[in-house]
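We begin with a single chain expressed as structure tokens, specifically the form predicted alone.
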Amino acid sequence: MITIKDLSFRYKQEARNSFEHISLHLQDGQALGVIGPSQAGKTTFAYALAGLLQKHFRGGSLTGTVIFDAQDQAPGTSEIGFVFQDASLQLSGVTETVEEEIAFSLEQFGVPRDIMRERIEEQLSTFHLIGLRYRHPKTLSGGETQMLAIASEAAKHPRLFILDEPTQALDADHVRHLIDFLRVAKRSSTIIFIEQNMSATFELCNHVLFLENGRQQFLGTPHDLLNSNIDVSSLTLPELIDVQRSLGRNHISLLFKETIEWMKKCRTSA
């Protein structure tokens, strides 16, 4: 469970806040999609939840409160999984193989050797990295690097799992695999999912936080957002939704089958 109260941040020497006055409550087993145009403050917000702003940007000003499990503090580092927007920057640079890279993050937190081995095998299998087990991380493609970065963080079994645009280097099959994995993972982890891919976001997330110019424009379910009067023109919506809007449908659906049936009825009545 995570509760955020009036959270704001301004980088040193910046004229305005990167994000401001964000408040929300997220139960265990839920996923929050953080959406909005470029420069909306999404990544900085993710850094704040992970404790990275406090650690690396001490010149900035962070106000408000993050309450995790009724404690007036963020979870410990070992309880957080964070996947950066540029996965290549996440590689340790000190390992020689893919399996060593997954082991590296576990070693930092003193995970026992037998448990470490189980988790390495689990992640190699889960993210289809078995065939790359002995490859050097620097020889991987962009998509393979992305999957390795996610696997390395997932191996920690984080209670708070934050992913910053994790699908950008992935093909359609890997995006599908990642979403399926996260749907299972959110049973034991609270997930913060920052994405431009609205199809993936709407499928995975129970709630969405829509940021624009650092301000909270909307917080609620994807369905309620699409059926509200909120201006979402800055978002690249799935074709399924664009078709319904262009045809003047009043009640936007996220379900493909339901939309097809509606379109058939429209064609019949026309």
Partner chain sequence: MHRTLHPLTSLCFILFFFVIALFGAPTTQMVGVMILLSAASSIRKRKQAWKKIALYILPIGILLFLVNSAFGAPFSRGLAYALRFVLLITPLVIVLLGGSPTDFRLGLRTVPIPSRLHYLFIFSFEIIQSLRDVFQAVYIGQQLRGYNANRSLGNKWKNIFPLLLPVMLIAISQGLDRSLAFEFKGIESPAEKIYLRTLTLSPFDKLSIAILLLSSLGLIVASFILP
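Residue numbers count along the first chain shown, from 1. Model, not experiment: these values are computed from the prediction.
Omitted from view is the form predicted in complex with the partner chain, to which the following refers.
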- Verify the contact flag for Ser125: yes if a non-hydrogen atom of it lies within 4.5 Å of a non-hydrogen atom of the partner chain in the predicted complex, no if not. no
- Message: When the contact criterion is heavy atoms within 4.5 Å, does Asn197 count as touching the partner chain in the predicted complex?
- Response: no
- Heavy atom to heavy atom, is Lys138 within 4.5 Å of the partner chain in the predicted complex? yes
- Message: Would you classify Phe181 as touching the partner chain in the predicted complex, given a 4.5 Å non-hydrogen atom cut-off?
- Response: no
- Message: Which is the contacting stretch out of 44 to 52, 215 to 223, 240 to 248, 26 to 34, given heavy atoms within 4.5 Å of the partner chain in the predicted complex?
- Response: 44 to 52
- Note on the structure: With the partner omitted here, the residue among Leu170, Val111, Ile192, Leu132 that in the predicted complex has a heavy atom within 4.5 Å of the partner chain is Val111
- In sequence order, which positions of 94 to 125 have a non-hydrogen atom within 4.5 Å of the partner chain in the predicted complex? Val94, Thr95, Glu96, Glu99, Glu100, Glu101, Ala103, Phe104, Ser105, Glu107, Gln108, Phe109, Gly110, Val111, Pro112, Arg113, Met116, Arg117, Ile120
